[in-house]
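So this first bit is one chain, no partners, the form predicted on its own, shown in C-alpha cells.
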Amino acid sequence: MLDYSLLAAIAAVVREGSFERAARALHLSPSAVSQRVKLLEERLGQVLVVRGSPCVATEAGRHLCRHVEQVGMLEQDLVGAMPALAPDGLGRVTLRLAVNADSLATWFLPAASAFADSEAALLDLSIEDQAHTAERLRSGEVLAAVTDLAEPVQGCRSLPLGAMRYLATASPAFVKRYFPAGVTAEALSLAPCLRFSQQDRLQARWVEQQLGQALTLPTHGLPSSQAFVDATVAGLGWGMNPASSVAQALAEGRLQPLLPQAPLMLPLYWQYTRQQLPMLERLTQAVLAAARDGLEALD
C-alpha cells in the first residue's frame, strides 16, 4: 500500500518550492517533512526531490506528484457524492497547468475563475511560451496545458481551442523613425522589436510570413504581456500583440499596425492527460467555453 502521508510531503515540497513552506502548508515541522521525504526516498531507493531554491522533483518525483494530484481529484468527487466519508471535508487539491502568457492575459482567466468558483481546487499556473508548454506535459510537471502543438503528447488528449489574432504594432513616432519608406527587410533589420523570451518566435514568424525570408532582428527582451503593450506604446520597439490587447490603443492612435491587413493567426490547443478524471473534464469544459468567447474559430 502507498503511504499517502509520505506522498503528500513530496507533493507539498515540490508545489511550495521549499521544505519550510511545505511544512506550513501541511501544519508540520520542517524536520517532519524532511523525514517523510527521506523515508520515501529510502524505501524507493532513489532521489525524489532535488534540494535547492526552489526544490524540484526528479522524474520519479514528478510521477508521484502527478499521482497525488489525480488521487486528490478523485477523492474530491467521491466525497462530493458521499459526504459521510469526510464529514469535515478535504483540503483543496492543487492542479498544475501550463499556459502561455498572452492567453493568461486575455481569455484564460474567465475559465480559471469559473472552474475555481465551483470546485474545491486550487490552480497552480506556470507561464511558458505556447511552443514549449507541451514540454511540461511530457515531463509530468503539469496535468494540462495551452499549447500551439496539435499532435497529442503521449498519454494526452488534444482539443482545438481557436486562433489568437496577433498584430504587428508600433507607436506612430516609432513608425515614423524606422519605417518612413514602409516595412522593408532593411528597415526591420534596424528597428528594435520586442520579444517575450528566448523561445518567443512570433516576431520572426511574422517577418518570414510577410517577406518570405528570415531576418536577424534586434530585440529587447520583455517577459510580461502587459509591459509588452506598454513598451510598444512607449516606443521601445515594435511587437506582436494580441489584437484584443491593443484594440483601445489602436483606436486612440497611440499604436498603429505596421501592415494593417497582415495579422498572424496562432492556433491554440488544450492538451490534458487521458486518465478519466471528472474534475479535469470539468476544467476542460470551462476552458473550451472561455476559448469560444475569447478566440477566433479555426479554419
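The model shown is predicted, which means the values in this text are computed figures rather than measured ones. The first residue of the sequence shown is number 1, and the count goes up from there.
The protein also exists as the form predicted together with another copy of the chain; that form is not presented, and the subsequent description refers to it.
Trainee: Residue 154 versus another copy of the chain, in the model of the complex: is there a non-hydrogen atom within 4.5 Å?
Mentor: No, residue 154 stays farther than 4.5 Å from another copy of the chain in the model of the complex.
Trainee: Although the partner isn't part of this model, could you tell me whether residue 172 comes within 4.5 Å of another copy of the chain in the model of the complex, counting any heavy atom of the residue?
Mentor: No, residue 172 stays farther than 4.5 Å from another copy of the chain in the model of the complex.
Trainee: With the partner left out of view, is residue 161 within 4.5 angstroms of another copy of the chain in the model of the complex by any non-hydrogen atom?
Mentor: Residue-level check for residue 161: no, no contact with another copy of the chain.
Trainee: Check whether residue 265 has any heavy atom within 4.5 Å of a heavy atom of another copy of the chain in the model of the complex, and answer yes or no.
Mentor: No, residue 265 is distant from the partner.
Trainee: So which stretch, 141-149, 161-169, 107-115, 73-81, is the one near another copy of the chain in the model of the complex (non-hydrogen atoms, 4.5 Å)?
Mentor: Of the stretches listed, the one contacting the partner is 107-115.
Trainee: If you check in the model of the complex, do 218, 227 and 231 all have a non-hydrogen atom within 4.5 Å of another copy of the chain?
Mentor: Yes, all three are in contact.
Trainee: Could you pull out the residues of 10-37 that have any heavy atom within 4.5 Å of another copy of the chain in the model of the complex?
Mentor: Those in contact are 14, 15, 16, 17, 21, 24, 25, 27.
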